[in-house]
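Just one chain follows, in the form predicted alone, and it is written as structure tokens.
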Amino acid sequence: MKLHEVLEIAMEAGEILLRNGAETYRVEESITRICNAYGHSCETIVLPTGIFLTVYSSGHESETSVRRIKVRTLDLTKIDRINSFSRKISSHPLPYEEAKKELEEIKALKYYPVPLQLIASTVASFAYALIFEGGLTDGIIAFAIGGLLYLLNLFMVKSGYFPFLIYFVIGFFSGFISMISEFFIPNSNAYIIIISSIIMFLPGVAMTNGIRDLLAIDTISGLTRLGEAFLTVLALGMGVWLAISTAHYII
């Protein structure tokens, strides 16, 4: 396979991993594995927002590419498929066209249907309300608010709103509706409902990956991911705080 084709395959695989929430070490490891499988060495630097990759041939030729990653989400299915893809190439290198076709298939994989995502979010909110020692009333209210917040999140993400604004709005709606619910519905606890309905938006993966990157001495990536997680929590907290203050003022 030609040098630029190896570069394209490795970069494409790395981009899919990074876009879908993979750790820095996993992206670098997969890119290196793909390049080595085709008999080339490489140097790569992966940051949460971009990939720098240079591939070297045995004849001292080189090709370099930089890929900016603007949008990131979490899709463990695609991460798993790229892991399998890179390991398969290590043992049986695929021709360029075949490798490219498989990467396109992985990129085109559909996420879970919206109704299923909605059911999962509402059931999770209900379950967390009970785990936090709330009553059945708290669980039912959290169930409804969790679903509403998930739909709101889908709408704002699709509309291209700034990520931290989305978390602020979600925090505000969660806090405000929970406080109103506590006022009108007896035996409900607004604070349990708030925690239960926004817990699925907490950046658990970003925090875990940030700590993992720091332990692997990927300092820039680790600090960036932890900083992103901190700002997400801050945006949610500010939204909840403003909602509680507003509700107390109105009620």
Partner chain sequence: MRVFLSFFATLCHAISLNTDRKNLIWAGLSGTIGMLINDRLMAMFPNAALMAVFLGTAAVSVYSELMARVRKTPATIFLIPGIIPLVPGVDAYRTIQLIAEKDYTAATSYGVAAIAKACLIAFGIMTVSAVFRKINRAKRTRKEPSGP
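Just so it is clear, the model here is predicted, and its values are computed rather than measured. Numbering follows the first chain given and starts at 1.
This next part talks about the form predicted in complex with the partner chain, which is not shown.
K.L.:
Using the partner position in the model of the complex, report whether residue 194 sits within 4.5 Å of the partner chain, counting heavy atoms only.
P.N.:
Taking the distances in the model of the complex, the answer for residue 194 is yes, it comes within 4.5 Å of the partner chain.
K.L.:
Taking the partner chain as it sits in the model of the complex, is residue 204 in contact with it (heavy atom to heavy atom, 4.5 Å or less)?
P.N.:
Residue-level check for residue 204: yes, a contact with the partner chain.
K.L.:
Residue 53 near the partner chain in the model of the complex, any heavy atom under 4.5 Å?
P.N.:
Contact check for residue 53: no, nothing within 4.5 Å of the partner chain in the model of the complex.
K.L.:
With heavy atoms only and a cut-off of 4.5 Å, decide whether residue 221 touches the partner chain in the model of the complex.
P.N.:
Contact with the partner chain, no.
K.L.:
Select from the listed residues 69, 185, 200, 45 the one whose heavy atoms reach within 4.5 Å of the partner chain in the model of the complex.
P.N.:
Filtering the options by heavy-atom distance leaves 200.
K.L.:
Counting only non-hydrogen atoms, which stretch in 127 to 135, 93 to 101, 158 to 166, 140 to 148 is within 4.5 Å of the partner chain in the model of the complex?
P.N.:
The contacting stretch is 127 to 135.
K.L.:
I have 77, 209 and 244 flagged as a candidate spot, so tell me whether each of them has a non-hydrogen atom within 4.5 Å of the partner chain in the model of the complex.
P.N.:
Each of the three qualifies.
K.L.:
Let me know which residues along 7 to 28 have a heavy atom within 4.5 Å of the partner chain in the model of the complex, or say none if there are none.
P.N.:
Sequence-ordered list: 23, 25, 26.
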